[in-house]
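Listed next as structure tokens is one chain, alone, in the form predicted alone.
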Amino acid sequence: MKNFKGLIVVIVAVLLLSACAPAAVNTPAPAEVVPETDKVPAECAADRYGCAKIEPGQTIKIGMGSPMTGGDASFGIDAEQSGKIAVADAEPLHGFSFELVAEDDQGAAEGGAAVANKFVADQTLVGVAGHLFSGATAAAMPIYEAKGIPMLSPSATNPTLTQKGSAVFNRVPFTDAAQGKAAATFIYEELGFRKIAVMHDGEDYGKGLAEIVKVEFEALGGEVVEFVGITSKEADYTPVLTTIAAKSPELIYFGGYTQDAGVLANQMKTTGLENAVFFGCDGTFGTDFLNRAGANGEGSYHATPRTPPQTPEKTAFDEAYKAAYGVGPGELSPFTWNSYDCTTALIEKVGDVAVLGADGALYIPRGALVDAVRGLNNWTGISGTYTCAPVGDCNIQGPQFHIVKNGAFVPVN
């Protein structure tokens, strides 16, 4: 009986403990963990350069390297302003916005390399609308080549740039080979001059262009009485101009940029060259030259890309540019429209190859983008229609020449 009572106590205790215990909860099975490698699109593994990864909240960056300070800053300021309009016009891509990052390379090789190294360190930078000047471009090219970042330059015209076997470099302007030959022919056949001097600023662009003019002018039967370089950005070129004046050239051809061109045009009037014509290039075109040379710039010649046709798209851009910056397109430099188109074309090609990942990030296969930019075919912008040759030259048009009359540039061909 005592054992029976003890058993009853134990049973009651067990029942009480069971009643106080929490109810059983059905715990769901843990969610399957997707490895990070499985979230990366297959296109990235197959791409020779891999992918740029843009995290949610980040922007897709387009770089631009150009002179933003110093005597040639008008070129860089103009390009940046055009690029900003292009970015503003771009629609978001899968919810990601585009951003223009413009850096000052001072138009020089050292600056070009420094800017390129900064750009390639940024995972979210996918293409470069530049560089603008040929020397800076040449220094930057191998840096972008190593990382698979495509370039589309609005203005780097040195012929050798597309003779280096680069997969990433492309450009939309005419080359200096076309410009130099056209200038020599215009001087010889249209202006009728037979005796000229050729000067340059010693840089890749200016010297290369001057050499082409010299060769082409002599091939036509003309005489080049002097071929000489100057030290760029100096204030006094009267000694070299006086030496040239003793050889009585009818015209001075100069390969370089506006700051030096303005000094030369002014000092020609005081060194015995007051009757010689100053003939510049696309690097000497712009309001900066007009402001520097003043009345001494009258009658000088300069080159530009062909004036784009007046389409509704160009009209809208022109109005937006003037409203935003207070100056008209084509005033600061001849590459306003080219800069807009280079930025826009890069943005469009990013859209063609980008892939939205399972993790919400945007992936841009770099090699595919390099190929897409080189593959531009009958691409029409506000500055013209472009098809890139296998080496990256995308323009077959020659230059247009302008004369300065009453303080303004007037087309002559």
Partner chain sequence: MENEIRPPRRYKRSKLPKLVRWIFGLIVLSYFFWRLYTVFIVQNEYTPDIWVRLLISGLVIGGVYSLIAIGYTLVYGILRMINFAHGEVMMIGTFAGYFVFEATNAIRFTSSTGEITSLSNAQPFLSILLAFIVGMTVAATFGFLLEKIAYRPLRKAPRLIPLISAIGASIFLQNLAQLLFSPLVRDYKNPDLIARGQGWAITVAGARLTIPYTGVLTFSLSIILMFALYTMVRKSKLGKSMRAVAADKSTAALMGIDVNGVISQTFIISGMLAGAAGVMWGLHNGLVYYYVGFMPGIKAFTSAVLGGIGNIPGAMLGGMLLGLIESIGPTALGISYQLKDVLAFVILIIILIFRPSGILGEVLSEEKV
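Here, rigid core means the biggest group of C-alpha atoms that superpose within 1.5 Å across both forms. Just so it is clear, the model here is predicted, and its values are computed rather than measured. Numbering follows the first chain given and starts at 1.
There is another form of this protein, the form predicted together with its partner chain, and it is not shown here; the text below is about that form.
Distance criterion of 4.5 Å from any heavy atom to its partner chain in the predicted complex singles out N266 from the list N266, T124, T311, T185. A heavy atom within 4.5 Å of its partner chain in the predicted complex is found for one listed residue only; from M68, I347, A368, A354, this is M68. Taking non-hydrogen atoms only, L332 approaches its partner chain to within 4.5 angstroms in the predicted complex.
Although the partner is absent here, A246 lies within 4.5 Å of its partner chain in the predicted complex, judged by heavy atoms. Of the heavy atoms in D236, some are within 4.5 Å of its partner chain in the predicted complex. Interface residue remark: R292 is counted as part of the site for its partner chain in the predicted complex, having a heavy atom within 4.5 Å. The putative spot formed by S155, G297 and N413 is not touched by its partner chain in the predicted complex; no residue has a non-hydrogen atom within 4.5 angstroms of it. Here the chain stands by itself, but in the predicted complex one stretch of 255-263, 336-344, 216-224, 88-96, 255-263, has heavy atoms within 4.5 Å of its partner chain. Residues H200, G202 of 182-214 are found to place at least one heavy atom within 4.5 Å of its partner chain in the predicted complex.
After superposition on the rigid core, displacement of the C-alpha of D105 between this form and the one not shown stays below 2 Å. Once the rigid core is used as the reference frame, the Cα position of Y321 differs between this form and the one not shown by less than 2 Å. With the core superposed, G165 shows a C-alpha displacement below 2 Å between this form and the one not shown.
Note on P329 and Q259: their C-alpha atoms are nearer in the predicted complex, a change of at least 3 Å from this conformation. The pair G107 and L290 is looser in the predicted complex: their Cα-Cα distance rises by no less than 3 Å compared with this form.
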